[in-house]
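The form predicted on its own is given below as one chain in structure tokens.
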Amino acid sequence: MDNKTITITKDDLATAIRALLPAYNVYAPAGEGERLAFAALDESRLGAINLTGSPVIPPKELLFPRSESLYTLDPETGAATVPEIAESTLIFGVRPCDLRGIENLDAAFLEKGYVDSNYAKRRENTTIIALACVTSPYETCFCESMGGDPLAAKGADVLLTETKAGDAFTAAFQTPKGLQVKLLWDSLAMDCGSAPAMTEGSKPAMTEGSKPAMTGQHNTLRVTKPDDLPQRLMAAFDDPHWAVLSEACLGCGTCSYVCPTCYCFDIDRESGAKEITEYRCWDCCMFSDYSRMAGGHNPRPTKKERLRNRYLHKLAYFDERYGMTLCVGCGRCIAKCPASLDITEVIEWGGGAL
């Protein structure tokens, strides 16, 4: 892989992204506060880009939409129509924890003998430009405690890192898809003549042992994660403390919807006189009817069983099947839970004495 980097000044960031618009459907964080979200960009929205925080809803929705039509049927002819999936999407400004979340989704949707065709096509057509965290997007971030690195995103096609001066980004190109982005930016620099939007350097944006200096407060939460956490939690399956942990839960599903790794979905059908649509939408294991069976039996009848299942899936079940923890430490579920439930309490409890 090309070991050269490009430096993009913050003043020229909009110009750099504009150069990508003819080749990709570009999404980037835009808006403020609770309305910060990955939004589709065009010429008119380049000024709305906001890289100072992290969107409330993670970028998983661009690969695994909140709701999507799987196919439609004509009730008279029986003819089926499958919606087209957009080609050449680029997601700009993905945080390292969210990139790890996408890698978890890759495992769930593409491995172990099961391939989700819609997810696979979107993933193949998507280029990811990650943004290293030199400051924490949330005060509840704890990615390093979960084995993450806020300054690295190996699975990203391009990695942007803010310079120490804070007035520019260095871009490291890590995959063939990333080099396609570099070609577009190289062309832009040449077109700019005597006032290039970018300059090229000879060193990678990040090398082992020479990471950029942190600025501000970083990784506020420090969580003690036992090395044998999955085994300890499974051994505590019948521990009465699960009931205590679940007392405050409202069963609202906020934790799942803001989580970059939750992937449960429901499939349903809407029938009309002229069209029948089969669709799927996000679901949540904290909902009371999530595990209810056709005869009415529910193996998880109370909040205790549902909360235990959620945390065991995050911290034990997924690890057993795929060899990775399903919690990436982004901190969204802690920040957004209306009842102040905190997954780090479960991690530190680890099925042992409090």
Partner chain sequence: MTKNNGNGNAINSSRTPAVAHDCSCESNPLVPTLCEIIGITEETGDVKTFRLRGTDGQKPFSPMPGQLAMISLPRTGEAMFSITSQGEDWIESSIKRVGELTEDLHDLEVGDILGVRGPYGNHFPVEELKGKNLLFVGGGIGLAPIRSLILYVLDHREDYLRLDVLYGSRSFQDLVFKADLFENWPGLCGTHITVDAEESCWDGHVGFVPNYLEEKAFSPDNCVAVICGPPIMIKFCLDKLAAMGFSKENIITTLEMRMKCGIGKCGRCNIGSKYVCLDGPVFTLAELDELPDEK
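Residue numbers count along the first chain shown, from 1. As the structure is a prediction and not an experimental result, all values here were calculated from the model.
The form predicted in complex with its partner chain exists for this protein as well; it is not shown, and the discussion that follows is about that form.
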| query | finding |
| --- | --- |
| Interface membership of N50, its partner chain in the model of the complex, 4.5 Å heavy atom rule | no |
| Its partner chain contact at A80 in the model of the complex, heavy atom, 4.5 Å | yes |
| P299: touches its partner chain in the model of the complex, heavy atom cutoff 4.5 angstroms | yes |
| Contact flag, E43 vs its partner chain in the model of the complex, heavy atom cut 4.5 Å | no |
| One residue of G272, P176, P240, G147 in contact with its partner chain, assessed in the model of the complex (non-hydrogen atom, 4.5 angstroms) | G272 |
| Selected contact from L229, L184, L151, I276, since only one has a non-hydrogen atom within 4.5 angstroms of its partner chain in the model of the complex | I276 |
| Segment that reaches its partner chain in the model of the complex - one of 110 to 118, 176 to 184, 160 to 168, 95 to 103, heavy atoms within 4.5 Å | 110 to 118 |
